[in-house]
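What follows is one chain in structure tokens, specifically the form predicted alone.
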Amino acid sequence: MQYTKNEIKKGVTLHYINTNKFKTNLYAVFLAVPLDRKNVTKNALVTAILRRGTNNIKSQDLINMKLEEMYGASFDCGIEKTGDNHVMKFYLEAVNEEFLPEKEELTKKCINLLFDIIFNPLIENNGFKKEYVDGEKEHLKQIIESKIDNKRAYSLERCIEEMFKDKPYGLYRYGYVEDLETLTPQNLYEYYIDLINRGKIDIFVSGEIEKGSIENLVKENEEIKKLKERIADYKIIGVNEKNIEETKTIEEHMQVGQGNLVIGLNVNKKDQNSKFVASVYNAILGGGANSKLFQNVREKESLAYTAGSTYKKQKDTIFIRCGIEIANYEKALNTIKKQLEDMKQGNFTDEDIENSKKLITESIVGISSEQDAEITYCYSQELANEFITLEEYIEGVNKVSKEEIIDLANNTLIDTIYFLRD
């Protein structure tokens, strides 16, 4: 992967990943702003409305027809939380021009269409098209209300919400139903203008395309020319210092046959390199079938249907997740705590460390086999205001020592215990 970037306008950056691994080119635009309670629902709604039509292409059906004409190109969009940022993501994927039956400026068409969707929305009566706003409000309401249907995902969301109560990361990425009532085509469009003028804009192009050609196509695009320069309003991802006064225990009751236990751990890292140590720590603890949680909580004690952990490095947190029989709650919790204590005492082997490093290395190597994964990796580095290559990341992981893991284990504390039960 050959990666370069260039600020084409203050607050607007073009990123280029030169790769010949794929027969497709992938174009993406990310718009990031700080997570904020009063705007989180607006961001989700705006993202959905933009895909419905532009001033040039009036409907989603017409956009789809345009994509079909472009040799079956595909478009998608979504919204994510990355650190304390709310990120609106837009993707367009199309076949590389080298594989077309005849010469055609497909790259230019892709870039122009993607920018048209994001920066030139369909406007009527000084606002978004009412029909599209009403339709997406109803759809977003359904998404928000249906989050309770998947109890495992819901339990993780609730743990995050409690762990980061009254903090940006605790917000639900799709927002809140009660906010939808106040949103109109006009005030939403007014907000969109503010969003486009202050957010951090990152444009990614991945594929086998001449870099100078891409730069020219982007710079000469009429929608990009219209963008104002800005001091981008976003949060740089860095080391998070956290003080835990006491562990919070939250118990929620629903009609469920299986209990869902989620434990949020705060990793008090000392520096940026600690992320390598935390990755190895998490892999030993609950990262796979050989992990302590899987082997002891699930296999040996038969206390859980599922048992594992995930490290979210942007927030220096680890989430332990177990699906358990409700009657096994106390025993399962104590067994999990025993694994955490074992990590503090160094009760794990050199083989555990090596297996965990191999597991992480495989996942890092796998990034380069997917275009969207490469873009996501580079974008996370951009938000952290650093750039570590995949090779450097693997090297950092392989340097981690047992002493460093033990030290980090003793600086990793339980913040929140959430249990969904009957």
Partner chain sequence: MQLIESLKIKEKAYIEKLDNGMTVIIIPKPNLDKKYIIWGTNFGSIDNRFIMPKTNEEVFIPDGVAHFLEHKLFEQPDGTNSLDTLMALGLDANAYTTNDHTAYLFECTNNFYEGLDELMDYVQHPYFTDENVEKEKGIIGQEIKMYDDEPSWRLYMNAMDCMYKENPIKIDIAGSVESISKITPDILYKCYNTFYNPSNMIMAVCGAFEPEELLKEIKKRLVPKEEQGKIERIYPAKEKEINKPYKEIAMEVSTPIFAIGYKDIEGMTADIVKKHIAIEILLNMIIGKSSKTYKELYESGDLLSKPDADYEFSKEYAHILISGKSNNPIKIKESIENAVEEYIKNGLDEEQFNRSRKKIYGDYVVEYNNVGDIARMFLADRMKGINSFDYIEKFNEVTKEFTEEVLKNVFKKENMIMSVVKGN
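Residue numbers count along the first chain shown, from 1. No experiment lies behind these values; they were computed from the predicted model shown.
Just so it is clear, the following notes concern the form predicted together with its partner chain, a form of the same protein that is not shown.
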* Taking 4.5 Å between heavy atoms as the contact cutoff, choose which of I236, A153, V177, V256 touches its partner chain in the model of the complex. => V256
* Heavy atom within 4.5 Å of its partner chain in the model of the complex: which of D61, E386, D36, E395? -> D61
* Decide whether G212 counts as a contact residue for its partner chain in the model of the complex under a heavy atom distance cut-off of 4.5 Å. => no
* To do: Although its partner chain is absent from this view, report whether D194 comes within 4.5 Å of it in the model of the complex, heavy atoms only.
  => no
* To do: Please run the contact check for N55 against its partner chain in the model of the complex: heavy atoms, 4.5 angstroms, yes or no?
  => no
* Asked: With the cut-off set at 4.5 Å between non-hydrogen atoms, does N266 touch its partner chain in the model of the complex?
  -> no
* Using a 4.5 Å heavy atom cut-off, which stretch among 337 to 345, 181 to 189, 144 to 152, 157 to 165 contacts its partner chain in the model of the complex? -> 144 to 152
* Within 4.5 Å of its partner chain in the model of the complex: all of Y172, K200 and I224, by heavy atom? -> no
* Would you give me the residues of 273 to 303 that have any heavy atom within 4.5 Å of its partner chain in the model of the complex, in order from first to last? => G288, A289, N290, Q295, R298, E299, S302, L303
